[in-house]
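Next up: just one chain, as structure tokens, the form predicted alone.
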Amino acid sequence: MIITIDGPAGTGKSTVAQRVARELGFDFLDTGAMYRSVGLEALRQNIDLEDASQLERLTRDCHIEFNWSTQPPQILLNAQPVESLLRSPEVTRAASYIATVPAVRQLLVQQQQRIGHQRPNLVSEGRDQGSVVFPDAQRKFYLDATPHERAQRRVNQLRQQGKTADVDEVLRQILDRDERDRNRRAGPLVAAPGSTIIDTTHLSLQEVVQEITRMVRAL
């Protein structure tokens, strides 16, 4: 069974997907980490984030893989672990631009679909998993929350990592990201047909996980 969990930034998709995968004994695919990995490499190589052709070439040259023996799976970029480098504001911003390039999305979607064939029991998290990558997934979920709640969650996450963060600035970044995600030509952010929409604004992480696992087990 493939389960997709989509939604905008700050809804807790990654953490929810990890917990759901662990509860069900499934693999977890963090597709956002793939875009962030390309973003990290673009920053390392000082590539213009507005240059689609350079970003396509970079994506073709990047070797992205997951170590499925760890929980959650460790992401490797060109054979090097990079998870600790992927959540910085700079990488987040780069990933949001890279994700708007159709050729980049096509390449990463193909990689994600190959993983789906190789790991058939999968919880896949992102923004286009139910709509584009796995349209035939047996269970699709779309998580949402108010922008202010999502900004506060992201700030709390950054502060737990020892980083300074301003709620107003993070809110601005989230609204900008929402605008780009919803209006891009390739794989725009939408609730896929057949998705169960869950508003997480007033729900705890555990409540969201319990609701999703309950519905999956009820199939």
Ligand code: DC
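A residue's number is simply how far along the shown sequence it sits, counting from 1. Model, not experiment: these values are computed from the prediction.
We do not show the form predicted together with the ligand, though everything after this point is about it.
Not one of Thr4, Arg19 and Thr200 comes within 4.5 Å of the ligand in the predicted bound form, counting any heavy atom. Contact with the ligand, judged by heavy atoms within 4.5 Å in the predicted bound form, is confined among 98-106, 114-122, 76-84, 137-145 to 98-106. Taking non-hydrogen atoms only, Tyr35 approaches the ligand to within 4.5 angstroms in the predicted bound form. Thr31 belongs to the set of residues with a heavy atom inside 4.5 Å of the ligand in the predicted bound form. Though the partner is left out of this view, Arg177 does reach within 4.5 Å of the ligand in the predicted bound form, counting heavy atoms only. Among heavy atoms of Arg184, some come within 4.5 Å of the ligand in the predicted bound form. Contacts with the ligand in the predicted bound form, taken as any heavy atom within 4.5 Å, map within 1-17 to Lys13 alone.
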